[in-house]
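Heads up, what comes next is one protein chain in two forms, each shown on its own as structure tokens, labelled structure 1 and structure 2.
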Structure 1
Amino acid sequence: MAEKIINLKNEAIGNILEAKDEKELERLKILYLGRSGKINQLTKEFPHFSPEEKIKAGRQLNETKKAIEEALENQLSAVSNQLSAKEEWFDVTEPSIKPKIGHLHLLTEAIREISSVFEKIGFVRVRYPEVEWDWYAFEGLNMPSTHPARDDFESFFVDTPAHPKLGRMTLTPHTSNGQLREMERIKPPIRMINIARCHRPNWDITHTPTFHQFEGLVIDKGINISHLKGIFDYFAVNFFGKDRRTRLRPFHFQFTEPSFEVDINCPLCLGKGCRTCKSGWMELGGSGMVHPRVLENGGLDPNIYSGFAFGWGVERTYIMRSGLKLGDIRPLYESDLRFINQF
């Protein structure tokens, strides 16, 4: 009897493992465990057994029944998993949905691009404090505290005790503090591009209290205005396009002598004058030959060294190039994704 039961168990489990679908498993369940299934048929032989044999065979049959039930259950879940895997089949060659990719903020892109144009001709990008002593932001740039030129650079002063030599602290209203800082850091030749945050208390469609400037400074022996003009034309061509040129207009800044406003020719009429630009030219920003007093304040002898400097707005320059026609620059700082995602 024991052998018969083992054979039945082996046969049943073998068949169950080969079953490919639910229907087949259902059939096997009836075949082995059903009322007139193979297990029950074996019990028909029990009456001929001695009481001990009955107990032994009963226990063995019960175990077999359990093993068959377990095998049926396992195979059922294996078969249904295979089925659902089939349902999830997909074509790997089919074009998929593109994952969303972020991008740099417009201003970060502008800063990187401006730096790279200057870095190609040996300028080194530096950064200096954006909370700065009066000396670097004003006094050392030839603007003593009583000078009316300071009115152009209305500033946020910090409410801290003044330094005995360097004066009060201010949020930098321009990047020109970098000029003195750079002269303190290294001896000429100097080719600096300082891009930093600036602050002035203005808020309207063309001004935000925080904005960015890029400040260039070149100092060496024998630097003159033609170098300044050459660098501006290089920038015009490489940043704005091959037909672009600059022109200089006399101006006044305390820290340069002579001083200029730099204009760039209009992209539409290239300087002839049209409805968009009127004069043919558009203003880029300030520049000039570094004032001898500023060189001295930076520890350099103006009889040996000369240099030029310029300071232009990042936002303004970038907007002029990309033709964004932003009526209002404030959205640049408002983190509204509906605006930012357009670029």
Structure 2
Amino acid sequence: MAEKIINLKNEAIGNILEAKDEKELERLKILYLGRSGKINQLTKEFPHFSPEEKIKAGRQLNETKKAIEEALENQLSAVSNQLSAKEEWFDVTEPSIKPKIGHLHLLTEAIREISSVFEKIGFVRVRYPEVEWDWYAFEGLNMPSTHPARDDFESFFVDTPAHPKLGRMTLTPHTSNGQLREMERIKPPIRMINIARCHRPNWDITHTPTFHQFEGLVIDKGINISHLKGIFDYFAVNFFGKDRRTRLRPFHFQFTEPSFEVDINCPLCLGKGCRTCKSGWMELGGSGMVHPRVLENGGLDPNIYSGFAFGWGVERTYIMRSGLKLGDIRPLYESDLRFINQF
């Protein structure tokens, strides 16, 4: 009996040390220590032993059982450590999984493209304050205190003490504040393109409380309306496409005289007239020859210098591109990935 127990012990420990995973160790545990395992099979021979042999065999069998249990526990710990080491090991030479690369937002792309078009004909991109004084946003642009745009329902005024000379503080309702600041910064010739955020309390399919606008300003000796129209036609072809063209409609703006609304032929019917545009034309933005009073407020002599200015919404300009077919500018600000990932 003693020899059988020793052989069983050696067999069990040998098999346990060769086990490579937890599943194999669980099988060996059942094989040797289970209810029908080899240890219990040996105990069935005890009734044939004398009392002295039972005591001796019982002690030896308990020691064997304990040795097998310790061997199983140690091998289980060793196997677990080996698996953990394999999971933590990292081969730095292994080819990596490339991360997904995003893309620029439509508005950022539009601003870059607009800047590029004007830079090719000598315009300089500038940035001026988006929180501005009344003088630069209204008064200095020939907009009197009674003008509707200076009402609290039309502009976002900041609740802060007014400047003794420059008036109240406001969020810029347009990028036209850059006109006076550019005239203060440099003397003609001036070819400025100012792109920034603007703020007005409006919200519908073509307006949002915060939007982007680009302001163009050209001032020099001998500047006239033909230069203004030529710039617009150049921009239309290079930004919208070779089939696009512009037209001027007489209008009124306080800071230009004469003033014009700039229209562009519809991207869908190219001027023939359709359900979207009705007349074949769509409004692009405002423009005109810089008012003499604005030139004076900027420190220039209107008898020597003349110029033109225009201010167009980036969002409105972008949705008029051929093939875009976007009739509502609000999705540009909603951060809906289903929309953004299409571009």
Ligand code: DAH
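Since the model is a prediction, treat every value here as computed from it, not as a measurement. Each form is matched to the other, and the largest set of C-alpha atoms that superpose within 1.5 Å is called the rigid core. For residue numbers, the reference is structure 1: its sequence is counted from 1.
For the form predicted on its own, the corresponding chain is the one labelled structure 2.
Relative to the superposed core, residue 188 shifts its CA atom by less than 2 Å between structure 1 and structure 2.
After superposing the rigid core, the Cα of residue 150 is displaced by 2 Å or more between structure 1 and structure 2. With the core superposed, residue 64 shows a C-alpha displacement of at least 2 Å between structure 1 and structure 2.
Superposed on the core, the two forms differ at residue 19, whose C-alpha moves 19.6 Å between structure 1 and structure 2. Core superposition places the C-alpha of residue 270 2.7 Å apart between structure 1 and structure 2.
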